[in-house]
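Encoded as C-alpha cells, the following chain is the form predicted on its own, with no partner shown.
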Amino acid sequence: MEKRTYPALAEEIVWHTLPNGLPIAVIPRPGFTKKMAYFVTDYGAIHTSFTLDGEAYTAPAGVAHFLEHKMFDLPGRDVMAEFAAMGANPNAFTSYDLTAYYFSCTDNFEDCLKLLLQYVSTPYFTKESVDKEQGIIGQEIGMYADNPESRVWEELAKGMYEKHPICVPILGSKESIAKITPEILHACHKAFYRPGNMLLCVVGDVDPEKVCEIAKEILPETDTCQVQRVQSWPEEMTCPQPLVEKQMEVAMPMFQLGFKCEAPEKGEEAVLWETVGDLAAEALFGESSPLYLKLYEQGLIDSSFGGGFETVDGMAMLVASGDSDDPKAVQKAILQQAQTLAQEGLPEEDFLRMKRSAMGRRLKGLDSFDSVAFRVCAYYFSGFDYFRFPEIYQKVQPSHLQEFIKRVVTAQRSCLAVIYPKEA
C-alpha cells in the first residue's frame, strides 16, 4: 500500500491497486463514527460508442442512467431494504462522464461495503424488468421535460454543441430508451463496470487493509476485456444557435448564458484551466463582483443569478444563469464587463481576495465526506491527485484570468437560452 500525505491540508490517502486493476483510495478520518464508500465507474451518458473485444457498439442515448437504475436488482433480493436494515443510506447518480454508487453509515460498514460491491458488480437484467424500467424512466423523462430548470440547460447545450453528446439529455428520450435491451445492458456493464475502469473510495475510521481484503473477496479476480471508447467530437468554438427561445409555465423569464471553451486535456493543466474558469465566473457573476451589484441595482437580476465553469470529457463552458425580465440586456452587460476586464485586467487586491475565497471554499469542502469522496474520484479519472489543489491555486496568476476572459467571453462564443412565460 502507498500512503500519500498532505501536511498543508492535514490529509492523507492510502492507495492500493488490486491484481484485477481496481484502484482503492482510503481517506482516514480517525475518531469519526460516520463512514462512506463511493464505487465509481469512468462511464457516463456521453459514452455511447465503443468496441468490446473487437465488436463495435453504439448504445442508445440514456443507457448509462438506465443501467444505474437496474444495478440495484439482485436475484431474489431487495438491495435497498438490506441497506436500510443495516442503518445505511445508499444512493447513486449518473452524470455526463461518470456513474457513482455510494452509501454512508455508522455501523455495519464491512457488510454494507460487501453489499455495495456485490450489487454493482452483478449484472442481472431480465426482459420483464427492463420493460418495466422503461415505463418508470419514461415518466422521469416526462417530468424533466416539464421542468423549466432542466429544459433551459438542455436548450443551452443543444444551442452550443452539434457533435458533442452533451447536447443529448442524460436520461435520453422515450424513443431512445425504448431501444434498450438486456443484451445492450450486459455489453455496457462488461465494458465499463470492470475493475480497471472503476475506483473504490472510502472515507472514515476504517482499516485500509480490510477494505482491500473485502474488495478482493467480492470482485472478479481478473479484468481481461479489451475496450476502446469512441469519443472524438470536434467542435468549432462558435455556437450553432446563438439564441434559443422557448415558452413554458414560468412566472418570469429564465435564462442560461454559455460561453464555449476549448476542451481541457487531463492532468494538472486541465485542473489549472478549470480553476481559472471558476475564478472567471467569480469575477463576472459572483455576488461581490461589480457587475452583479450593478445588475442587481438596475433590477435586471435577482438572487437567483450566478455562474460557474462546467467541464465534461471533450467540452467546457462558462455559464451564467438566473431569472430576468431582460436576459438579452444581462448578456450585453456581461460582454461589456468582459471586454473591460480583458483590456484592464482585475485589480490585484480583488484577484487575491477571489483566490482566497475560492481556496477557502475548497478547504471547507474537506469537512464533507461526500465532497471529499466525490472529488477524489472525479479528479482521479481526470488524471489529477485532488489533494494537490493548493498547488494549482498558487500557480494561477492575474494574467491567466485576463487571457481566459479575453479569449472565451465573447459574443462569437456565446449562446443565450431563454424560457419565457407562455403568452396569455
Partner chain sequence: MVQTISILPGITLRCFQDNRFKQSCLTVQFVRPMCREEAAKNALLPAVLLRGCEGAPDLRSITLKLDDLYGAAIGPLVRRVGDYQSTGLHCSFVADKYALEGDKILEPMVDFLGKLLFAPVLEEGAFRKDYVNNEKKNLIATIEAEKNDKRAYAAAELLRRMCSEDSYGIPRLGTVSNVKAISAKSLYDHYCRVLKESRVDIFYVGSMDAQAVAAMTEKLFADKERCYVNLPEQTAFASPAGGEQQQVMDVAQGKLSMGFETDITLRSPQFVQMQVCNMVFGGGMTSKLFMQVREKNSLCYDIGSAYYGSKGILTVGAGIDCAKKDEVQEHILTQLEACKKGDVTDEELNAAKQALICSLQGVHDSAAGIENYYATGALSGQTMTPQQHSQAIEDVTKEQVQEMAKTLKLHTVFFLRGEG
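For clarity, every value in this text was computed on a predicted model and none was experimentally measured. Positions refer to the first chain, counted from 1.
The form predicted in complex with its partner chain exists for this protein as well; it is not shown, and the discussion that follows is about that form.
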Query - Listed range touching its partner chain, judged in the model of the complex by heavy atoms within 4.5 Å, from 44 to 52, 27 to 35, 395 to 403, 376 to 384 - result: 27 to 35
Query raised in the report: Looking at the partner-bound form in the model of the complex, is residue 105 within 4.5 Å of its partner chain by any heavy atom?
Result: yes
**Report entry** its partner chain contact in the model of the complex: residue 232, any heavy atom under 4.5 Å
**Finding:** no
Report task. Report yes if any heavy atom of residue 289 sits within 4.5 Å of a heavy atom of its partner chain in the model of the complex; otherwise report no. Result -> yes
Query raised in the report: Any of the heavy atoms of residue 388 lying within 4.5 Å of its partner chain in the model of the complex?
Result: no
Query raised in the report: Pick from 182, 308, 242, 148: which has a non-hydrogen atom within 4.5 Å of its partner chain in the model of the complex?
Result: 148
Query raised in the report: Can you name the residues of 354 to 369 that have a heavy atom within 4.5 Å of its partner chain in the model of the complex?
Result: 356, 357, 360, 361, 363, 364, 366, 367
